[in-house]
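Each of two forms of one protein chain follows alone as structure tokens, named structure 1 and structure 2.
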Structure 1
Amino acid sequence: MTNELAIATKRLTKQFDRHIAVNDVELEVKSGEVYGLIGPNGAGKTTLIRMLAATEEPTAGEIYLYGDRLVRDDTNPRLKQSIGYLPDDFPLYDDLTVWDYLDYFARLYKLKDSRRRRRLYDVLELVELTTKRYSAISTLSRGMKQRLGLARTIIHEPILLLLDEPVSGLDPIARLQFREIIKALQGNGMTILISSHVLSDLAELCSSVGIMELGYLVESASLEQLYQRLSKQQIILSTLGDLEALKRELKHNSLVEEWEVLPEGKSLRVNFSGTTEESAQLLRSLVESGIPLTQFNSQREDLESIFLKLGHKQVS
């Protein structure tokens, strides 16, 4: 194993009675990257994360973190302290204040008095809860509670962060705030593995993604590779003239695969297999043919489209 990898698993398997939740998974996550884990409910994401966090014992296989093997005994406490794990049902004690809650966990990690106080101020500033430090947790919004959970997870300065559905149920503004914190943590050199059903967030945050299905890791690649391999270029075309004339011109281009008429009536969504330069050539040829275009908007299919294309019918 190389230290370039923050996470490496070999044939990792977890079986509950007759149900195999994680099946022969070979996962590699590079140090310093944000890796997104996606898949429908029951795909095995949470079980995989729990094994990586050493809260679940594998049935078979091995886990390596930064080149050292992770086991659930007392032989490598320092390795376990390098992990920050935020489950989707993290505990909050409503009768405590924000400060007392974080201070409690900092003491569990045996942070010394002087360092502990400084660390509490640092994480509160990072998650934008400094002004709420003396507020009872029961008075916080859902988004604030999620950020407090993240603060608790990083209080001991881990280098590997495991997040299981951290933005579940958050409104768009709260999700934006959470994304900005994740970006800041990665900027400080932390490796982050995050599972989420909000694929637009993962597309913005992640450099690589893994797709799980029925316990198997069916895809694991950089986003760039996935887009190159599976994301078609789509072009939205609108015309002031006759739509049939536009269709006739498109038939002359071999890189135009198919199109659909949009509800507006004089607009098409075109699947185009060419490069960006070739789409520019298509635009030039249409203009030279006298087609009165009012819109020519080229874009790539997003992560959700790729996910559905791979045969997954829902992200629930």
Structure 2
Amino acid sequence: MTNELAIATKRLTKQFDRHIAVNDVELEVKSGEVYGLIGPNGAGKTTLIRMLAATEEPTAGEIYLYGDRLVRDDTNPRLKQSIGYLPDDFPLYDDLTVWDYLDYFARLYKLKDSRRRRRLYDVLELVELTTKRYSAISTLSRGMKQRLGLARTIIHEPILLLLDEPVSGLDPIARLQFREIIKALQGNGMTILISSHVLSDLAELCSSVGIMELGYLVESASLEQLYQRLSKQQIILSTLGDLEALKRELKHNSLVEEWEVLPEGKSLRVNFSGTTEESAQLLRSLVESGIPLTQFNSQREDLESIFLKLGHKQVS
């Protein structure tokens, strides 16, 4: 069973003095997934990721990566080869050029000769830094440094990526670029665990999410399940005619739970509990009853609303 799991933790606990940063966490991430970790600041996300990257020793509990036990010493070079970790502060060396920096890490991971050169060019192209390869790192912008950090993380072709707040402090364009790179990596079959506060980004990238609070993993499910369970279907309706007539028609449908008039006065946001077929049925009935509809837009509540609705706001 563990073989298809990229990450499995057993009762993973980390304590700093009296403060329990990660408490009895049983995390399971399937191979090939993009797993999003969300939670308020101080919930234990960074500590959990650091333990998975073997840069922090667990107080108790065990970590298995692809079925192998992760231990913090130099006895597991193969496991180390499979992990790529990008912390939120991505420290770099200012005295090196972009090329020399990546070349150094490629050599640390034992990439040889032509394969190394090819990989360097591929990675530089992926993170769009090819033109900057002979520039000193100290001259790069924050976004470029972030991308260089990511390039360092993937230089050795890891199969598991651990990204801690990778888009914090980036402008919208840099964030978009970063998202595109992650999608490309996912396409290559990497398992990615990513923590972020930008929930719209996670909703776009992830296949599963986990919610952390007070050091506990309080929720861990596929995005699909989460939506099914917690997200309500909403329909935006706009009419050219009388809004009251539309409301009257809606009252006849038992699957319509409640509605809210949108600011412009000609549209309603309706909470609808039916299936896709039932929403088609509703549309047909509205058209047949002569309502001059200009918009019938079915959508789901987004990840942010679900997260806020769950009320996980406590830090540990």
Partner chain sequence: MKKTENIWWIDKLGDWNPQLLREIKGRLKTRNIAIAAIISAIGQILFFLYYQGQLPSLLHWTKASSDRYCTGFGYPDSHQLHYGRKCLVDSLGQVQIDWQLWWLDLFVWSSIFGIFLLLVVGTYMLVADLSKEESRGTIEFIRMSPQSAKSILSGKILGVPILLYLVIALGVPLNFASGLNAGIPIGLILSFYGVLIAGCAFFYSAALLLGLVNFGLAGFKPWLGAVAVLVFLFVMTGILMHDSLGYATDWLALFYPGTGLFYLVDAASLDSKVGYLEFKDLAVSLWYGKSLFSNSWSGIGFILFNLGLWTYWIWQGLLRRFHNPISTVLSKQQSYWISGSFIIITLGFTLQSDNRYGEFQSLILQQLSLLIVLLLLTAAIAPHRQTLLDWARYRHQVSPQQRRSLLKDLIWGEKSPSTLALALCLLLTTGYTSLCLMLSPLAKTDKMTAFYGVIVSATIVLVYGAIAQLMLFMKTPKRAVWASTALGALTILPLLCLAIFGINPNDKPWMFLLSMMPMLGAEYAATQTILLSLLGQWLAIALVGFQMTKQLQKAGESETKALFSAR
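Rigid core (definition): largest C-alpha set, two forms, superposition within 1.5 Å. The first residue in the sequence of structure 1 is number 1, and each one after it adds one. The structure displayed is predicted, hence computed values, not measured ones.
In this pair, structure 2 matches the form predicted in complex with its partner chain, whereas the other structure does not. Relative to the superposed rigid core, residue 132 undergoes a CA displacement smaller than 2 Å between structure 1 and structure 2. Taking the rigid core as fixed, one finds a CA shift for residue 119 of 2 Å or more between structure 1 and structure 2. The Cα shift for residue 221 between structure 1 and structure 2, taken after rigid core superposition, is smaller than 2 angstroms.
The two forms, fitted on their core, place the C-alpha of residue 95 3.8 Å apart, compared between structure 1 and structure 2.
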